[in-house]
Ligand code: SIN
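Next up: just one chain, as C-alpha cells, the form predicted alone.
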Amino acid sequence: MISFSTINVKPLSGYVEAEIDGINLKKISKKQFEEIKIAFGEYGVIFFRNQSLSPQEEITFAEYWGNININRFFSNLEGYPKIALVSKEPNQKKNIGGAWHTDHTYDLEPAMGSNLFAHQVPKNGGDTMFSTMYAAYETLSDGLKDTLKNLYGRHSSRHVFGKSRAERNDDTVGRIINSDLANHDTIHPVIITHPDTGRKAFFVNPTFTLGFQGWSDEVSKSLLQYLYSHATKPEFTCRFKWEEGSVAFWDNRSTWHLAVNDYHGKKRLMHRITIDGTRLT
C-alpha cells in the first residue's frame, strides 16, 4: 500500500482511478507534485474536485506534465489555442468521445496524457467511464499473451476525423474541424511496456485501431472484438461523476475512456489539454 504525506488519495475502484483531496492546483509544492505523479502511475486516472482555475492556470497545471499538444481536430477556446473545447449544446444529439478509446493513438508519438476541466455539467448524466489496460493484459491467458506480444496494431485518424465523417454533416460540425488534416496512419505494438512504470498494457482501442499489421481488417476483427470485450469487463472499469470544478488527468498509455451520452437537452462544457508523449515499444 502506497502512503502519501502531502496529499489524500482515495482509490475509486479495485484497479483504476483515484481521487486526490487536500490540494489546490493553483499552488502545488514540489513534494505534492512528486506524490501526484506516483498516484498517477499507480491508478492511471486521477481526479481533483472543487478547483477554480482560469484558462492560463489550466495551462500552467498541464505544463507540469510536459509539452502541450495543440489539438488539430477540436475547436479551441478563443485566445487559448492550447485548450480544446469538448462541448455539447442542449439541441445537439451527438457527443464527443462517446465510444471507448484513448487519445491520439493515430500519432507516431501518442499522447502521454489528457487533462479535462469541467466548466458546465448537467445535474445528472454526462459521466465518464475509464478502463485499465494493465489489468486487461495481466488477466489474459499465457497463450494469448504469447500470441499478442509479436503483433502490431494499425491505427488511423481518417475514419474518425476525416472526409467521410465530415460528409455525414452531423451536429458535430463546428466542434470537430480540419477534416483535411486527418491523414494519420501509424503502427504500434499491441502490447506495450509503459515507459514510466515498466508494466505491460494493451495498446489497441475500438475507435482508432483498424486491425493488425499483416492481417486484413476482416481477419483482425474477431480477435480485436474479443480483446475489446475483455478490456471493458466491469471489474476493470470505473465511472466518474463530474461536478463543476472537477479536473481529471488520465494516462493515455494505460487506460481507455468513454463519455456517456445520456444528457440530451442539457449543456456540457469541458476544457481539454493534451500532453505530448513518446514513441512506444
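Please read these numbers as outputs of a predicted model, since none were measured by experiment. Counting begins at 1, following the sequence as shown.
One more form of this protein should be noted, the form predicted in complex with the ligand, which is absent from this view; the next part is about it.
At a distance of at most 4.5 angstroms from the ligand in the predicted complex, none of the three residues K145, L151 and L227 contributes a non-hydrogen atom. Within 4.5 Å of any heavy atom of the ligand in the predicted complex lies no heavy atom of P189. In the predicted complex, at least one heavy atom of H101 sits within 4.5 Å of the ligand. The closest heavy atom approach of V86 to the ligand in the predicted complex falls within 4.5 Å. Residue contact check for A259: one or more of its heavy atoms lie within 4.5 Å of the ligand in the predicted complex. Of the stretches 30 to 38, 249 to 257, 210 to 218, 230 to 238, only 249 to 257 has residues with a heavy atom within 4.5 Å of the ligand in the predicted complex. For the options L116, I176, A111, L140, the residue carrying a heavy atom within 4.5 angstroms of the ligand in the predicted complex is L116. Proximity to the ligand in the predicted complex, defined as a heavy atom within 4.5 Å, singles out one entry of A182, A136, I96, V121, which is I96. Contacts with the ligand in the predicted complex, taken as any heavy atom within 4.5 Å, map to no residue of 35 to 68.
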